[in-house]
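So this first bit is one chain, no partners, the form predicted alone, shown in structure tokens.
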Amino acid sequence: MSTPVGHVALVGAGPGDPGLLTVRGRELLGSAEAVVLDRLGTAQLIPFINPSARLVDAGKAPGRQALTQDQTNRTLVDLAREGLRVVRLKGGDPFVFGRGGEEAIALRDAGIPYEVVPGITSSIAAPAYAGIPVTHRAVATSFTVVTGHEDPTKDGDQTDWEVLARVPGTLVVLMGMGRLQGIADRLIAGGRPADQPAAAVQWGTTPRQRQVVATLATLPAAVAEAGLGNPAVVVIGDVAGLSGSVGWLGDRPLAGRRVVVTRARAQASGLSASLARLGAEVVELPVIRVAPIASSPDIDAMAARIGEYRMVVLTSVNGVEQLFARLRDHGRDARSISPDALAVAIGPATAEALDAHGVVPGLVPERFVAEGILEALGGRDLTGVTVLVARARGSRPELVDGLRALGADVHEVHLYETLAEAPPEQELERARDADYLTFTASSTVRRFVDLLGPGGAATRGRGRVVSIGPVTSATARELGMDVQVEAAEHTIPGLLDALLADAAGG
């Protein structure tokens, strides 16, 4: 019996900001069984890809090519013939200097069904993030996009720069940084004003974005002086002069700051997204991962007697999710918990997670640590009260010991554990040049130090350590780190507030 033919989607990844990926593109990445990636504009989208998908590097860089175009075409066909759902993830838009048309023809010729999902092209997005509208009333009513990849000094090239010099409106040049001087010379020779505003935008739409604004004649020297290189978009036209009036990206409070997020990948996205919205260049360095404990005698006993507990204590969002997952495994849900049981959540995020499962927390301590729970319960007589503490393996003993000291009959159940992750070396290298290192749990501190060493050795002396609270800070200091910033409220919003206050003061 023959294998059914799969399907290929040619998906535009957009210009670099992961928030600019289309809804359809994200949907396809989440269900893909194989993804063939470009080099540019795709790295920040990896968290959106189905974790079990096969990844194939088809990236091109100066002096390096993972796959030739013919090899890429054959790879797409071969993967589809295995019956897989394939995404060809291409930077920008597949049909704007992306050779997507060649891939579509190869798929059609091989009888492979495919679709095209357009992406936001850097020719518009990078100028926009630099405060340059490619059209503007009374300034430019049209724009032309051209590749600068061809050598402007060679005879017989496809781009007639002298003709382009006379075309009205804005000229946007992609892949032209290596030939910028020759392009400027030919445009000026063709009649483009030498003093016309011009700009170059490197790493457009990302927190790494840098730009220079000059004139057509002076832009090559200005680019060289600023040290700008590829990937970059060049904009030539009067609209480039609007950058100072329209620019907005540099106004964000963390613009130009590199921040490392060490949370497990499944929990990192919310913090990373908040940091990115504030202008930070985020390095996701998931040094741990959350591993559920599928079954154990303690878990089985907990599920069987869940209705007997008079207090249920949760110390993390992960604990909440794993509790209800284990209850589902045993055919139970929130209705199995006694309505008379006191639900205790260590903090607001844990309380929200409980509430989402239909359990209203009766106690959230003022201090979001184990000791805070004990302080909040200090006036209660817990003699003989059956208490479930559902949490991670390896948690600190203070909570359970304190509850037992109050007379409670405590059943501690380990629902998950945190295991070490090995982040990619390129992300480790980026972390060494970070401005801030964020830690949301002691486990992330320990694993980070295992990987990179404490404090300044890890970050070449520049990175400031931001801790979510005193327990995490104590672990960091025990392991040789200086903690410069500690959240007053031991939550992710509290950590963000502390980081922003520190950045504003620096």
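From 1 onward, residues are counted along the sequence shown. Here the structure is a predicted model, which is why all the values come from computation and not from measurement.
A second form of this protein, the form predicted in complex with a small molecule, is not displayed here; the remarks below concern that form.
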message = Contact with the small molecule in the predicted complex for L174, defined as at least one heavy atom pair within 4.5 Å: yes or no?
response = yes
request  = Would you please decide whether A232 lies within 4.5 angstroms of the small molecule in the predicted complex, comparing each non-hydrogen atom pair?
outcome  = yes
ask   = Would V96 count as a contact of the small molecule in the predicted complex, using a 4.5 angstroms cut-off between non-hydrogen atoms?
value = yes
key: Exercise: G204 in contact with the small molecule in the predicted complex, heavy atom 4.5 Å   = yes
query = If you check T262, T121, N318, T170 against the small molecule in the predicted complex, which one has a heavy atom within 4.5 Å?
reply = T121
query = Between the options A198, A126, L323, I183, which residue brings a heavy atom to within 4.5 Å of the small molecule in the predicted complex?
reply = A126
request  = Report the stretch among 282 to 290, 399 to 407, 136 to 144, 87 to 95 that approaches the small molecule in the predicted complex to within 4.5 Å, counting heavy atoms only.
outcome  = 87 to 95
